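Below you'll find only one chain, the form predicted alone, shown as structure tokens.
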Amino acid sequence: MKTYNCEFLCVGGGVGGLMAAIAAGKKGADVIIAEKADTRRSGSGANGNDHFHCYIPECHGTDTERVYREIGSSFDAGPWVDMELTKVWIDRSFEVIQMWEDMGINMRPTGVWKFEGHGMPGQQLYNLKFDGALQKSCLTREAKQQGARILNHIIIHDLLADKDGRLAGAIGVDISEEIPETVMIQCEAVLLATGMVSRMYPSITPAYMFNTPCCPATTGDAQAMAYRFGARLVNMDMLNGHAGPKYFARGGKGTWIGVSTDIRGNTFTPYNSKPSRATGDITADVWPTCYRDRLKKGKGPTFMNCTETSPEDLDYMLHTAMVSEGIDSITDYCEHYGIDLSSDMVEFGTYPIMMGQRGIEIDTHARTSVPGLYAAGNCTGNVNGSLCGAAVFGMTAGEDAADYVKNTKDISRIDPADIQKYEDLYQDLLSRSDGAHWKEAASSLQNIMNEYASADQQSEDMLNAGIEYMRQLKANCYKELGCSNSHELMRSLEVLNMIDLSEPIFLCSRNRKETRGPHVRCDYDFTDITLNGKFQTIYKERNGTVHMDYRYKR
């Protein structure tokens, strides 16, 4: 077993984790980043981004109340966020932009601040168009310059407590070689920033479970670890997904300069009748399930129609914007198969549930309900902001954690028995090299979630059955799952994390006895007005007792 010591551990080397490491390093903290893949190309922003939801005073004016109101009521912020957190990322967004420019990330490709995409016609635009193709390598370089130690190819599996029950570190596996090694990291504070849950439900092409619009390595590890350790989760019953080219799963729908239409080229929403480079097509932002809904009602198929987009805008979209967003594989595909977007429409589809911005509850300092434990990015459940939110709250967490660790030097020794139980688990999995393969467990998980915790409709009986089936699957996995190398061990631990994470999804969905937004109950088809403005929270004590409650949106 490898053992490391630091003051602040960042679990996940995406934008949130790197920004936390940079901020904590600037304040003198000893930081380790543990990343499952490689920080230069990992996380939900692995390939790049081209929209940064932000507030720049010289562009948007000094009336911040107007900005709070417009962004807070927009689809980008959404109803499932706390306004106090939205204000934090709005207020600090320009600070991040200036930092990123200093790091070498091109925030003004045209030389001026340019706002495009994800916009409502007639309203002020807040999505800064930038070139994020190199964002991860620039952030990685800066984190190293601030003294962070980066441990790539390490999957952190769980959090560790000292003998008094306080957060004291984390345990995981080094998967850089074929034979894995257990890794323990002792520290005073931990940031969880491992992204959304991208493989819990079947992909749009079920035989290819890695055909997902975001990074397929984001498997809810942070949310599962937080739940097992007693941290509060929020909005786990509000399932959400994404949309884009139907069978070629790619994010970045806001990068397309076109209009959603039917097969005859007719628009079906009041927002855009012609392509607009300024606003983009916001149909799926306002109505995320529109492509699936129309198909189920016999009104599909539905297309992204760029046939009236100007040649200049088409060239910009395919060869500049999509490169910045990291989805230029779409450009390659079109060129390879002779698809001419000036005459050919592309069918769009609703992608499966990914649980983005559903998970760990944080406050304005990015603190969770557990002292010393922080969270940022897509694994959080009560703030949006996407890329900007991850950057701002990663930075905020790093600053706060650097102060926290200075006054937290009395963490006692971790019980060796706690470490041994994880080593025993890893050894059990590896000893059954001819046991059930992780793909069997993953497909079973996806089938149960898709059938019994559906995004379309749920019921008490279906949810109860799903809970029981998932418990059976978990027991079978611990008895029968087998691995023959590091890669298979990593995939098995991912599946076990997603199985654990299914519990709060099922329990919260069952506890919300109403239909509201994306939560559809066929046995409670009304909306309970006594729950207006309230979020559902859940946490589990170490003894297994689960607590659920509703609290007002802050």
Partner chain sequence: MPPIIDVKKCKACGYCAEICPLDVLYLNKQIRKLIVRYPEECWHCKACVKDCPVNAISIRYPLSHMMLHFPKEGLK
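In this text, all values refer to a predicted model and were calculated from it rather than measured experimentally. Positions refer to the first chain, counted from 1.
From this point on, the text means the form predicted in complex with the partner chain, which you will not see here.
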property: Which of 238-246, 391-399, 181-189, 423-431 lines the interface with the partner chain in the predicted complex (heavy atom within 4.5 Å); result: 238-246
property: Exercise: residue 42 in contact with the partner chain in the predicted complex, heavy atom 4.5 Å; result: yes
property: Contact test in the predicted complex: residue 371 vs the partner chain, heavy atoms, 4.5 Å; result: no
property: The partner chain contact at residue 330 in the predicted complex, heavy atom, 4.5 Å; result: yes
property: Proximity of residue 441 to the partner chain in the predicted complex, heavy atoms at 4.5 Å; result: no
property: 177, 461, 164, 312 - the one with a heavy atom within 4.5 Å of the partner chain in the predicted complex; result: 177
property: In the predicted complex, the residue from 56, 490, 67, 32 that sits within 4.5 Å of the partner chain by heavy atoms; result: 490
property: Residues in 209-224 close to the partner chain in the predicted complex, defined by a heavy atom within 4.5 Å, in order; result: 210, 211, 212, 213, 214, 215, 216, 217
